[in-house]
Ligand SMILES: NC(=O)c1ccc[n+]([C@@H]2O[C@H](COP(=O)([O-])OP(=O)(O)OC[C@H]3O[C@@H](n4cnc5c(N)ncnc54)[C@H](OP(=O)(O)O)[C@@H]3O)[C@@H](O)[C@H]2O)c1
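First comes one chain, alone, set out as structure tokens in the form predicted alone.
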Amino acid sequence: MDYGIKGRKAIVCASSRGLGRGCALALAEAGCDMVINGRDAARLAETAAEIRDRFGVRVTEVAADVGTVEGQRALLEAAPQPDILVNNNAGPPLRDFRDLSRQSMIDGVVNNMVTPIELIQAVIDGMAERGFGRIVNITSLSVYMPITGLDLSSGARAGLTAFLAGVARPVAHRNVTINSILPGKFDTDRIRANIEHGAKKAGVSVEERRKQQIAEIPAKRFGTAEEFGQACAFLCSAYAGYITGQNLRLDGGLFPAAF
């Protein structure tokens, strides 16, 4: 399907691996030129080379921590007038809430709430002036269904969700949309780390813990970064202008709700 965004400029944060990488690949397939980002310069270069080779689009690499002022500045210097912004950042590791220090809580909120808001502040008016903008935030199913040990991540992402619910409406008439995708259990480095942590805590093998996790999902599998990326690309498409302020759960049916 032609998403109608060929030649558009995208910033995809934390896109050297995992779900962010899936989004970058899907947007490149749709014809977008892009800035990709990650902390590991070598991994970032590999992803950039693959995108260029497969899709022939222009790719700029920004090796930086998107949670820092310097990292954000580097992204915006590389693409001062983006048409598309995909907000993504690593969440805090599993940890009992009793063990969270004040600084670790501040860091979690900065990374998973403040940082995406700051980037949106920087790009939204330009998008509105040009009459096209697509902002997609990668949050988590834990916004709806908190996960024990990821309370800080859940809280920060829920705060972002509530914050942007109001921000999305005033720019909708300028063809600027703001939506979030809430991943459930996807086959990424993060879930593999969580499975290892859970296996150790439960005293079972990693494989047994993996099977337990899959059994809870109605689809009976983990999601893939590729299908996540395609959902993101559609929300960024020319045909998604009537979708805004929404939270798309991609979870294989894990969250048991009708609405």
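It should be emphasised that the depicted structure is a prediction, and the values quoted were computed from it without experimental measurement. One rule holds for the numbers: they count along the sequence shown, beginning at 1.
Quick note: we don't show the form predicted together with the ligand, though the next part is all about it.
- Segments offered: 229-237, 37-45, 195-203, 50-58. Contacting the ligand in the predicted complex at heavy atom distances within 4.5 Å is 37-45.
- Highlighted residues R130, G245 and L248: none comes within 4.5 Å of the ligand in the predicted complex, counting any heavy atom.
- Checking P183, G108, G149, G155 against the ligand in the predicted complex, a heavy atom within 4.5 Å turns up for just one residue: P183.
- The ligand in the predicted complex comes within 4.5 Å of no heavy atom belonging to Q72.
- When contacts are judged by a 4.5 Å heavy atom cut-off, T161 does not count as touching the ligand in the predicted complex.
- Shown alone here, I138 lies within 4.5 Å of the ligand in the predicted complex, counting heavy atoms only.
- Taking non-hydrogen atoms only, D189 approaches the ligand to within 4.5 angstroms in the predicted complex.
- Contacts of stretch 77-96 with the ligand in the predicted complex, defined by any heavy atom lying within 4.5 Å, are made by N88, N89, A90, G91, listed in sequence order.
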